[in-house]
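A lone chain, given as structure tokens: the form predicted on its own.
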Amino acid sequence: MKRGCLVAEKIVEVHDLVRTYGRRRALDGVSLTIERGAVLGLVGQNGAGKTTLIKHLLGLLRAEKGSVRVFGLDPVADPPGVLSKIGYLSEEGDLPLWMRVDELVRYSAAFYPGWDQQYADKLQKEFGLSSDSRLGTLSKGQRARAGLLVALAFRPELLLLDEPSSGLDPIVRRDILGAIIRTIADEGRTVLFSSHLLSEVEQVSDRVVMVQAGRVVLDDDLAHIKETHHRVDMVFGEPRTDAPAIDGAIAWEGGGKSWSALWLGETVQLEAAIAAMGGRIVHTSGVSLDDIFVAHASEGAR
């Protein structure tokens, strides 16, 4: 889903953030900003640092180095000022399983002056949640729907989604993603959407940040990422044992006379470099966000 961000106000500002666990750096100098109305897709392998970053935005972790500001506030120093404006849904859910659905709704409403009960009722009906159902008896998918209801019903200024549909069946993922898309489209919410399901990220995000081993390896508008990455097939006059060493080629496949590169930039530059090596380009095509992510993750690991 492509939407322009019309307002330049920065909702999230992270600068040179560092977090270590023992000898491992979970976050290694991470910097990013999210402007009001933007939808940022945060992608990375398990252990890349996505959840650690989100915990800093929620004020659950204090920055060891660097700074974190949400709505211009330090989320550790002013939790009420920050959390009152954030809707949060994680893979774990973290719901009180002993409560009924109607009790969860009343309990949550008490914390948010902006709670919209009419909207909550609409979401409950849409998600097929019975008021007298105990959360502990619901399926994982239904509990995820209940968590999303609570995260959306007070119409938060910032929505943080940490792998919200991980481990859920396709129908539940579709319903949850559909509700998120409608919220983004109808209300222009600011969203950070973290997921390893890149097809979901691609559907909702204006911008994508890829993290690898605690570092940002790519941060750009989704449209620009897809416009500037290509798969280029080429043939050489003589067989090659190694891939050509060319700046801009993020990943290589092939062998002998036939090679393919995932290329970042103008293909004219690659064409000239390949011609100088006795080869020629035979086909150029677009690539998926999955392919781009795998290539950058591999490059970052190297």
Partner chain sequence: MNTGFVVLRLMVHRFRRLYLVFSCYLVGLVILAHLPKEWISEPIAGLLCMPFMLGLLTTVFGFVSMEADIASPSSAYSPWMLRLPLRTGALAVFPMVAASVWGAASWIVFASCYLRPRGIDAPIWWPALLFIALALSLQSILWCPFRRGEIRLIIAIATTTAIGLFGLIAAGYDWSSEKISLVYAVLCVAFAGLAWAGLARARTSPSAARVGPDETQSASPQTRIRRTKKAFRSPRTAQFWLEWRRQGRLLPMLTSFGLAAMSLPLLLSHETQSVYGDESVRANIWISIAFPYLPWIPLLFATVIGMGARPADIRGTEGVYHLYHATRPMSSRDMYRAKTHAITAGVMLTALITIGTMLTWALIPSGIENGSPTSYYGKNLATLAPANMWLLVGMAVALTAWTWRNQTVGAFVDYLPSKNAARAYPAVVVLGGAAALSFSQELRVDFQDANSPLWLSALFGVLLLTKIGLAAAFSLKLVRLRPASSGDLISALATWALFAGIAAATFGWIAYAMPKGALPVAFQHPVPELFAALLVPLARPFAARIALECGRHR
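Being a predicted model, the structure only gives us computed values, none of them experimental. Numbering follows the first chain given and starts at 1.
FYI, the form predicted together with its partner chain isn't displayed, but the following is about it.
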Listed residue that, although its partner chain is not shown, lies within 4.5 Å of it in the predicted bound form (heavy atoms), from G136, G114, G178, G72
G136
A223 near its partner chain in the predicted bound form, any heavy atom under 4.5 Å?
no
Given that the partner is absent here, does E227 sit within 4.5 Å of its partner chain in the predicted bound form, heavy atoms only?
no
Is V105 close enough to touch its partner chain in the predicted bound form, meaning at least one heavy atom pair within 4.5 Å?
yes
Check I246 for me: does it contact its partner chain in the predicted bound form (non-hydrogen atoms, 4.5 angstroms)?
no
Is its partner chain close enough to D121, K125 and S130 in the predicted bound form that each of the three has a heavy atom within 4.5 Å of it?
yes
Choose one stretch from 31 to 39, 250 to 258, 273 to 281, 50 to 58: the one whose residues place a heavy atom within 4.5 angstroms of its partner chain in the predicted bound form.
50 to 58
Just give me the residues of 243 to 275, first to last, that have a heavy atom within 4.5 Å of its partner chain in the predicted bound form.
none
